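The form predicted alone is given below as one chain in structure tokens.
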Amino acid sequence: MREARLWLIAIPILLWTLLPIYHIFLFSISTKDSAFSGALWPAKPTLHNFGTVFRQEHFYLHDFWHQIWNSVWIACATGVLTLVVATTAAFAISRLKVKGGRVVMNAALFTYFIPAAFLAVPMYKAMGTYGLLNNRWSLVLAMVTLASPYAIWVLKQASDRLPWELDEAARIDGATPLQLFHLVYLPLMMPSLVAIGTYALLLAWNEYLYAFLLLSNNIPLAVGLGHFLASDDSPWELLMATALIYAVPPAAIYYAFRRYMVGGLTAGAVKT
């Protein structure tokens, strides 16, 4: 009986969640005239919209491949840099017991009390001061700033669960802190590292506001999609086809590493 009740709750929630995705797909395989017909399936489904996107045959799609490359570059750079910052910080706080490390971590987490949208203008001013506006690194640094506090906290919690006997044994054998980090810490932290790297990558991939503010050249595809809305007669079928293509890489990454995402992001939530 309880299982049946759970299904009665889960099925409507699942359908409601998948409904927008279905409509994106429905638009993407419809012609311009039939996109708003209201039918559950187009009378003449077509893949022509995807061909138009890939061949960049529309005004708003002239830089499609360049924009998607920018998205890949920014997302990968954010993931790598966030991992470097968060991994070294968590190691210093958790394993080396650096004085004041916990205070710094808690102070960084305090920034989450301020909505990220409110930090956009100060971030814009800071990037302008350092001459980084319209540079892809400005968006990478902004995303690393937003992702690092949470990433450090997660990795620190996961690091606290590692047995101290491993550190002591390594030190007895003459291991330096760098060797301890490389030979002991990183291999044992791999699930959490994959989870955090994926989290940071997806955060940067889906970002729109900071990309819109900080970049006017070398924009990612997320900003390029927004340009479709500038027209009075937007080609919705092309917009949805492009959005569906843009959604494939993060979906593939998530499903490839989903077993790490749950375990890695909840590491340290329950201590034994």
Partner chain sequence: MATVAFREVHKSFGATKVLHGISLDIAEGEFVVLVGPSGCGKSTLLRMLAGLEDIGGGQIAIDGRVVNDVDSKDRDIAMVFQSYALYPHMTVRDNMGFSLKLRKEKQNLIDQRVANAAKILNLEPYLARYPRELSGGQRQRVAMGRAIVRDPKVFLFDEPLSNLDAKLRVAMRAEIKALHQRLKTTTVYVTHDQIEAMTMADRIAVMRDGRIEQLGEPLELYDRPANLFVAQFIGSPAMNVFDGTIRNGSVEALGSRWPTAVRGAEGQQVKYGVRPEHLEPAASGIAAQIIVVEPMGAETELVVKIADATLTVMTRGRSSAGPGERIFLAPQASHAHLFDAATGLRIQPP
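No experiment lies behind these values; they were computed from the predicted model shown. Positions refer to the first chain, counted from 1.
Unshown form predicted together with its partner chain; subsequent notes refer to it.
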Is residue 194 close enough to touch its partner chain in the predicted bound form, meaning at least one heavy atom pair within 4.5 Å? no
Its partner chain contact in the predicted bound form: residue 72, any heavy atom under 4.5 Å: no
Is the gap between residue 80 and its partner chain in the predicted bound form 4.5 Å or less for some heavy atom pair? no
Taking heavy atoms only, is residue 166 within 4.5 angstroms of its partner chain in the predicted bound form? yes
Hey, which residues along 159 to 191 are within 4.5 angstroms of its partner chain in the predicted bound form, non-hydrogen atoms only? 165, 166, 168, 169, 170, 171, 172, 173, 174, 175, 179, 183, 184, 187, 188
